[in-house]
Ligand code: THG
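Here's a solo chain for you in structure tokens, the form predicted alone.
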């Protein structure tokens, strides 16, 4: 499973301050720590309060790439902010994200194709969050169809079924798991899947346990990637062990350390 480190995000107080102050040391430490913990890609989000997000995105990409060569997931609601990062990346990046709204698809999918980037497609539209597996699947089909129309490589597509907090939308947890399974049947090659894992525990008092349990369940249902906190060692251990038991990795007594050193 691809672990996308979630911590370079201006929503986090220390990171937001570092972005505002253009403090390289803070950002570079967060980047290196996540990679050392097992992240195979780093999410990069300037946050909602940055006054000049295009310059901030450029600065973040350059700052991170000074200390690590892992690929970056460029995370913004604005296409021009994402493109500033795409111009600078040294490895194949990920665009985070499009959704099933026609205007958004017509902007973001061509952008991802232009820069040969991976693409996250959120299975929602301007009407809001889907109610169940069926609505998620309908949005997934819309995204896949647009990708096919413009010749975007479906093997580069990650569908996001939209995880919601268990404390306010408990019934949605199983709908997401069912959608992950359903998405695999929609096209050939099958689209990959990704979730923003920490959403499941938002507002709860037992966040690590809920995150860890839900990640194992999602992996069992075929999850391909997760935007998550790789510094949560127990969370990473659960992910690694799940894939071992599913026969995706070879067992050895030091399998946890071996995975992290790959």
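Positions refer to the first chain, counted from 1. Only a predicted model underlies this, so the values are computations on that prediction, with no experimental measurement involved.
Here the subject shifts to the form predicted in complex with the ligand, a form of this protein not shown in this document.
Inset, instruction - Would you confirm whether the three residues 12, 75 and 207 all fall within 4.5 Å of the ligand in the model of the complex, going by non-hydrogen atoms? - result: Every residue of the spot touches the ligand in the model of the complex.
Legend entry - Contact assignment for the ligand in the model of the complex, among 112, 82, 120, 176, heavy atom within 4.5 Å: Of 112, 82, 120, 176, the residue with a heavy atom within 4.5 Å of the ligand in the model of the complex is 120.
Inset, instruction - Could you tell me which one of 237, 28, 221, 202 places a heavy atom within 4.5 Å of the ligand in the model of the complex? - result: Selected residue: 202.
Inset, instruction - Name the stretch, out of 191 to 199, 54 to 62, 212 to 220, 28 to 36, where some heavy atom lies within 4.5 Å of the ligand in the model of the complex. - result: One stretch meets the cut-off, namely 191 to 199.
Inset, instruction - Please run the contact check for residue 42 against the ligand in the model of the complex: heavy atoms, 4.5 angstroms, yes or no? - result: Although the ligand is absent here, residue 42 would stay clear of it in the model of the complex, with no heavy atoms inside 4.5 Å.
Inset, instruction - Could you list the residues in 225 to 258 that come within 4.5 Å of the ligand in the model of the complex, counting only heavy atoms and keeping sequence order? - result: Heavy-atom contacts within 4.5 Å come from 227 alone.
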